[in-house]
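First come two forms of one protein chain, each written alone as structure tokens, so that there is a structure 1 and a structure 2.
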Structure 1
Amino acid sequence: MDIRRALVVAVATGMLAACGGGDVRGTARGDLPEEDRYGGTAVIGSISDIPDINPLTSTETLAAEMQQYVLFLPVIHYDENLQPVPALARSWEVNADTTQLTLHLRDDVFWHDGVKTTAYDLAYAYEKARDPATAFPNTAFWTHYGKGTAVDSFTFVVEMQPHAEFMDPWRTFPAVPRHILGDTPSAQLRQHPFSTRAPVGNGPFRFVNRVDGQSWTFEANPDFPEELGGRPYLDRLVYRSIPESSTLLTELLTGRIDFFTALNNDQAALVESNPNTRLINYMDRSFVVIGWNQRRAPFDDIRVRRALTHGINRQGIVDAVLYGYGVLANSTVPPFFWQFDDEAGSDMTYDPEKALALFAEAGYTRGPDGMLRNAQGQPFRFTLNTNQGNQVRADIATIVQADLRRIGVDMQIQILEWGTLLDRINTRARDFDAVLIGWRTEFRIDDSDLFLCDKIDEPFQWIGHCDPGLDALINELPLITSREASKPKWVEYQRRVAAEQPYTFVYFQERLHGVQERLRNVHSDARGDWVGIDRWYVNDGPRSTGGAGE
């Protein structure tokens, strides 16, 4: 069995920790006794800044990691077998016909300013998340949910339509402090100091300070409930934004950072060969796509989208850019999920001749210079946007540019600062032709935010794809609670997505992290990069200085 496929199978059977790499090589240092694990600083480095940390308004993946594992306490967690376990909710139950979920919250969780967390905070967060004016990015969480009520200080009851995997949204959803945000209009939550420079959480770490565009600093919360692990081992946690991947690698290898989030694939060998660092890798829920803005011609033509995919050597990208740490993608379903259909998109191979035939059907022919033009003589020319600081995406863009030029497509590349890119694709203006970007699916797959026609003006409906047939499948699938009964519909869904090519799906990736040997008990897996961060500790060697933000 191929080693990459072995990783896929391992995750499919729930063995997430086995895929995570964990502390395999670092065991030579030995484990410290429990009482000696407390203290020290760990520094996480990434190319991305986190401009907004509010769980109701942020759209950045690493902001979600901070919310879920550092600053806030979500309603539930998932264990290694992807089963829900208590977090803010001590217990829960549903009624006989699965139309009402009751969450019984802990009574010993406090906001970091000393105010107790209650069901009224959760009810406030839920109400704001469902208010369109808030622009909560994951509105698909609540498609089958209705009215929510705090019946007392520690009981929250929410109505729902019976549907599959109904606990999954609560894995990433926390309460927010009503006493701080309560009077803020929904449309202004994103600008509140809570979101950008003065958050108050209730998780294992509490906010210390932020240096705009450079760092976030947190310290251990000594009042975190013992039943949930108590005070974290680390005294302090620093997140540093370093926009150059090569600089991040140097910082890791020289001990200035302890955890390099999502290092480039070509850096993996250097991390593995360094005696002071180790590599963690696991098959992720993330995939990379090229989104075609169908609000603009000619990307509204399915023949053009299919032609573009046929003209791009996606397997060549996986081989050349990922160094084998990934597999080809053809839909939104990860290859280690039970729904996965390996036949979906199997016809979307690299085939320049087929691409040219489809372009001809759409009215584009090659001129004497070899470039495609329409009947009016206009060249097939567009701009692909992606984010700065990500060398992998820059390399992919360059390969795509070369592949498409061979069949007469003039593609320009524009690399933008991350926040600028998000503004360009998330706002209603949608001022772009095509975008190279990543997406991370939840364990309960719901692509409503990506594809539904009635969400076309919402943040994640980047491409403006609208297909009533696809809508019908997206709306039907969550209502089939039996996996066996829903599998044929999942197959139909994936094949329809692959046929329409709303995106060119490039690959599902293995997520790679570089870790200092002194940072112990790190077990990242498909649940998240920072899962179990409250149990990370520093062992041997000098403590990290923490850099900016200390």
Structure 2
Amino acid sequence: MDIRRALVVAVATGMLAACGGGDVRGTARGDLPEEDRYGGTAVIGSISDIPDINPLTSTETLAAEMQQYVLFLPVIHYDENLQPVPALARSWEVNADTTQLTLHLRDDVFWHDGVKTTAYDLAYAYEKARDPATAFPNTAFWTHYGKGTAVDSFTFVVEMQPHAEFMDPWRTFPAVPRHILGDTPSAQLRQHPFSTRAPVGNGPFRFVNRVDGQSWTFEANPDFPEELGGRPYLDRLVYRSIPESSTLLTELLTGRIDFFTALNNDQAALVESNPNTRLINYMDRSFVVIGWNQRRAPFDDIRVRRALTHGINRQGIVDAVLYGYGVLANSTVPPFFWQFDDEAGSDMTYDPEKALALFAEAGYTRGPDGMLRNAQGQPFRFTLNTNQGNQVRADIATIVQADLRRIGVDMQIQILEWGTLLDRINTRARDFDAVLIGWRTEFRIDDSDLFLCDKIDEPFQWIGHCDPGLDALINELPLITSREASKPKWVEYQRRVAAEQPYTFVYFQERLHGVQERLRNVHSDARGDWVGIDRWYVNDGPRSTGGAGE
């Protein structure tokens, strides 16, 4: 329709170059030679709106994607093997005792308004991010970091304690334009037009406009440094927010959206069977758990928790609810991390017999009606809470209910509106038995909020788990800089978590995207949905045949 026409017009200039001969490897659906890739518009769709794009204040996952790959240039990037590679920082070094990190910045990166990006911008961003009044969401980044100073225009030095994966924060952290935000009080940064209406970045795409609740539009930044890839292939990039996912799927299938970010699992088959779209899937860091509130009996009994996990057919859940796009989880460590130990929790199989044996040990026996009862004759009955508006979780809850019923556990399901659920599990009263909830592991794993004894009254210690042995590991691991030295301890950590079953870890899920065939060179992976977006290109029928200009 009209989009197509607009695209053909937009790429017409790029076509002249294509006519000049060259490598014609490209088939209608294959790869285009380098010089033919420039031009066109790609449309990304997602159900979430992005109200705030300021790297210092935004909290949405997709806002972070936009900052890392579209609008800003973070200090470093990760390569496919999750190893740091240069981005805004041309190089970096640490001193002998790992207490000082020096970042050498590029001198050819410009803010989109023409001002050069310097170490002073980075120092400004760093200072603001550490100021509590800013309420920078990822303050955990700086736990082991200290004072940072711009030594000269392109050198930034920051003090730190030796700690593991110390480059990780810089993967998502860009400089911000000091000449624009300079005088804004930290508490007002969130409301600055820079956050919502007029962001100025230094990344491969620059901001064009935003329509409230509808779209963000970006265009190629021609001045992006050649060494980092130069001008992106796409002329324009449009982000559209469409809250209803079946509408979004329709828009993908009918060609009005090129990239459906975070597809539902039940939509994957339709995307695969459609001739014009393909599915991209990869293992992600998100997982789903059932938290057992250990402040309440009998969940304080490790045997009961282990019995419950044995009683739940987790593989059945992966197959039925995720359509197979996931693997069983046994701790907070995703399977593709170097820390991962595949032995941990391998004994936690679906085994109703074992579950019943453990329940018997804990004093629960099956009555004539098949239901478990304790010595006082009280049935094993509890309520599982989860949030409303998430069909996957509702389905999991139903399966868990049926599985547990088979071994005589009477579980009720209560689905609560998100705010209400959080109120129940986050506040001191902790008025719940069990909760089905999701979580995401960072590349630098830090589970202190989840498990530490002295955080037991903090919001995220939902389950009230306390094990000094686990605490010791959680406190020690982040400070070991060598991977070799810490690996055995990571193994110990995972095995300990799996043994104690503070949570029943249900699964790690794959992230799914639906992509138009015309959108090429898309290589999303665990680093990010839109990683490498500056190398995406559109391959429209007329362009790839060489002479079909209009």
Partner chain sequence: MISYFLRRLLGSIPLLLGILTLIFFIINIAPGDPTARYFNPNISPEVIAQMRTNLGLDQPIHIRYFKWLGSFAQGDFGYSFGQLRPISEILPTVLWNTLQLMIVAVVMIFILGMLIGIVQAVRQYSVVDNVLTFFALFFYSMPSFWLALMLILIFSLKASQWGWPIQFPASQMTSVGYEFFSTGERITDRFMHMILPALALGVGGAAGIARYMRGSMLEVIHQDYIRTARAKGLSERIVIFKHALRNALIPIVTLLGLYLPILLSGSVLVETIFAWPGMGRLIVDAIFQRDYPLVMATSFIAAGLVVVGNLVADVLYAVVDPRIRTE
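Under this definition, the rigid core comprises the largest set of C-alpha atoms superposing within 1.5 Å between the forms. Source: prediction; values computed, not measured. Please note that residue numbering is based on structure 1, beginning with 1 at the start of its sequence.
*Asks:* Would you check which of the pair is the form predicted alone?
*Replies:* Structure 1, not 2.
*Asks:* On a core-based superposition, does D454 travel 2 Å or more at its Cα between structures 1 and 2?
*Replies:* For D454, whose C-alpha is compared between structures 1 and 2 after core superposition, the shift is 2 Å or more.
*Asks:* With the core lined up, does the C-alpha of D108 move 2 Å or more between structures 1 and 2?
*Replies:* Comparing the forms between structures 1 and 2, which are aligned on their rigid core, D108 does not shift its C-alpha by 2 Å or more.
*Asks:* Give the turn angle of the smaller rigid part between structures 1 and 2 in degrees.
*Replies:* Between the forms, the smaller part turns 27 degrees against the larger.
*Asks:* Could you check how much the CA of F340 shifts between structures 1 and 2 after a rigid core fit, in angstrom?
*Replies:* F340 is displaced by 3.5 Å at its C-alpha.
*Asks:* Could you state, for a rigid core superposition, the Cα shift of E492 between structures 1 and 2 in Å?
*Replies:* Reported C-alpha shift between structures 1 and 2: 5.6 Å at E492.
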